[in-house]
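Heads up, the chain below is alone and in the form predicted on its own; it's given as structure tokens.
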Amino acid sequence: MSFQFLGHYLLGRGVVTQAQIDEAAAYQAEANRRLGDLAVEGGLLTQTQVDEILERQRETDLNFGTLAVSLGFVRRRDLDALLFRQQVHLVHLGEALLTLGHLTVRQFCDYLNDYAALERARKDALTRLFEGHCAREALRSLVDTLERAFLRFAHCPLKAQAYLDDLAMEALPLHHTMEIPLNSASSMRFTLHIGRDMLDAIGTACRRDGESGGTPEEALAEVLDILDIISIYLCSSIKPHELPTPDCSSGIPDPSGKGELHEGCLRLQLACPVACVGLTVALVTNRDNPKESA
């Protein structure tokens, strides 16, 4: 695959082994404590309050700390002190590999610089891809939220990579479609395209986190439930009222009767180190409000 995460990049260059990556990841997990765990440990929150915040996060794009303050569970200055403590001890993968002796200081500097250059190239390519479409702000918001949603609910870090071609989309047979109203004249219809490898990756991540188990059928049902939660989260988190009316060329009649369908607005592949998810987006504009959708 053409995408790169730091661990995947270092493996591909032959600098480290999978066992060393796994050891560094375990070191990270031990060092990088979750904010909720730190709050409970420090007596700022109860486990019941943490669970309520996590449940509320399914319905909002607010982060854990902001929700804790807004619910009156913790004072802002206490949260700031907790965040500072968390950041001071934050360990990145490269730092973990360096600390464990799997990278030399020279390797750490050289390979991280090379990796940073690849990341800049990836982001520049995505910028060019977005700029070729109408409703750019809506599309960027959708992709950013999708990346956060997969990490939050499926425990799978995703990165937007490149255009999703027909061959790649054929390998992703599970489809989940939802629609987000942008304003009174238009809406954004998006479809997630999921393959078996992503279902397996989500299931494996959930089992590591202690959230999954049972028969294969039960595990699959749980993964599908997570995808449904992600879709609902996207619809509630994109803040469509803040987005401008899309300026698209004339489309084709929408089979649902809503207006005109602008296919091909975006086709994008997002990937984690072991699997991909596809995203296709179409805009629907209301023919009864031509002035609003112009």
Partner chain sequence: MQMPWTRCKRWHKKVTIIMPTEPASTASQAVRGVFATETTTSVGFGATKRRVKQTVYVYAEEAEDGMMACRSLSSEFIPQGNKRMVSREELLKSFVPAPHIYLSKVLPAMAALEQAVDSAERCRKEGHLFSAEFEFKHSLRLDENHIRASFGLGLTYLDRGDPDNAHIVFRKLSRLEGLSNPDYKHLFNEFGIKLRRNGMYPQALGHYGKALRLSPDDEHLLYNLARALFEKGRLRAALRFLDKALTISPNFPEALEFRRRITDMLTMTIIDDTELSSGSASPKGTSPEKP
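Numbering follows the first chain given and starts at 1. Note that the structure is a prediction, hence the values are computed from the model and not measured.
The same protein also has a form predicted in complex with its partner chain, omitted here; what follows describes it.
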{"query": "4.5 Å heavy atom contact, residue 99 to its partner chain in the model of the complex", "finding": "yes"}
{"query": "Partner contact for residue 91 in the model of the complex: its partner chain, 4.5 angstroms, heavy atom", "finding": "yes"}
{"query": "4.5 Å heavy atom contact, residue 95 to its partner chain in the model of the complex", "finding": "yes"}
{"query": "Contact label in the model of the complex: residue 128 to its partner chain, heavy atom within 4.5 Å", "finding": "no"}
{"query": "Segment that reaches its partner chain in the model of the complex - one of 149 to 157, 106 to 114, 172 to 180, 187 to 195, heavy atoms within 4.5 Å", "finding": "106 to 114"}
{"query": "Residue among 118, 224, 71, 83 with a heavy atom within 4.5 Å of its partner chain in the model of the complex", "finding": "83"}
